[in-house]
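A single chain comes next, written as structure tokens; it is the form predicted on its own.
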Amino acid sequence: MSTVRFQLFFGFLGEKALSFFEKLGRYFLDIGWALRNLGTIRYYARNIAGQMVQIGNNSIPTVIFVSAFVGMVTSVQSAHQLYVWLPRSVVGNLVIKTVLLELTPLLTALVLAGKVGATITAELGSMRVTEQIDALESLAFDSISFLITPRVLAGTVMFPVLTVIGDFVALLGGLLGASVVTHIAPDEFISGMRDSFLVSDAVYGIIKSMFFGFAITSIACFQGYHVEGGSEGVGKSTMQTVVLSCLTVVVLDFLLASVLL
């Protein structure tokens, strides 16, 4: 009996491993083809511009809301823990470092993994189950170049822009939280930020957001492009996109911190 159970267990593991590596290989093939066709993006300029609006402009309110509270929470918690025995300007120092290096790029990516990633997967999944992608291919369109390349390119470009907006809003939120909640003078807070600001910190956050944007949009495109099982499959792929995107973002966050810092 135990031998049968071991066989079933390892058979299950082997099946899952084979499925994982099969999907991983297909993912790299699709994204490689999408990147290879960047030379043809001039033919899809309108599509790219539309994706930039959808990914970028439509996400600005969400980024502003999240970033404002990120800055306020960071400021209040830093003041609560440190300024009792350290100069109050240290709060501004900690807020700008934390916001630029970690919180804004990471939390923006995690929030947009749900918003942008789910939207892309649902769009492409719906096109797949209604045979619109098959219709494009029957008309001699390269469906990957037409559907995936513009979305991945738009995500890679617009995520850094959203991160810059989020950085600015988070710092304003930190200033507001410090002055209203913890009663730190604005000039002390700004002095701390000015003393510790490094351009490399902001550049590091922007570089991270480029990788996050590429990862989220490419995973979402892959999941939507290969949907199976009708509307139920669309829902399942959308859920998988959010989970895989969030996991990929936190892993990339660690790897980029290890390499770039």
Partner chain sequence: MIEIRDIWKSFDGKQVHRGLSLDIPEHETTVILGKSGGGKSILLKMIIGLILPDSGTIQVDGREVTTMAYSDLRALRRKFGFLFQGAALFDSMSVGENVALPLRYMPEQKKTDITARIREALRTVGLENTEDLMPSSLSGGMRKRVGLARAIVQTPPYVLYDEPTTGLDLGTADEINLLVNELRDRLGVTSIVVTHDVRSAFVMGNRFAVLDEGKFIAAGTADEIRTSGNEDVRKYIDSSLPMQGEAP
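Since the model is a prediction, treat every value here as computed from it, not as a measurement. Positions refer to the first chain, counted from 1.
There is another form of this protein, the form predicted in complex with its partner chain, and it is not shown here; the text below is about that form.
Student: Which one, 89-97, 158-166, 130-138, 67-75, holds residues whose non-hydrogen atoms are within 4.5 Å of its partner chain in the model of the complex?
Tutor: Going through the listed ranges, the match is 130-138.
Student: Can you tell me whether Glu102 touches its partner chain? I mean in the model of the complex, with a 4.5 angstroms heavy atom cut-off.
Tutor: Glu102 lies outside the contact set for its partner chain.
Student: Using 4.5 Å between non-hydrogen atoms, is Ser143 touching its partner chain in the model of the complex?
Tutor: So Ser143 counts as contacting its partner chain.
Student: Considering non-hydrogen atoms and a 4.5 Å limit, does its partner chain approach Trp33 in the model of the complex?
Tutor: Because a heavy atom of Trp33 falls inside 4.5 Å of its partner chain in the model of the complex, the answer is yes.
Student: Could you tell me if Thr62 has a non-hydrogen atom within 4.5 Å of its partner chain in the model of the complex?
Tutor: Judged by the heavy-atom cut-off of 4.5 Å, Thr62 is well away from its partner chain in the model of the complex.
Student: Does anything in 153-181 come within 4.5 Å of its partner chain in the model of the complex by heavy atoms, and if so which residues, in order?
Tutor: Sequence-ordered list is empty.
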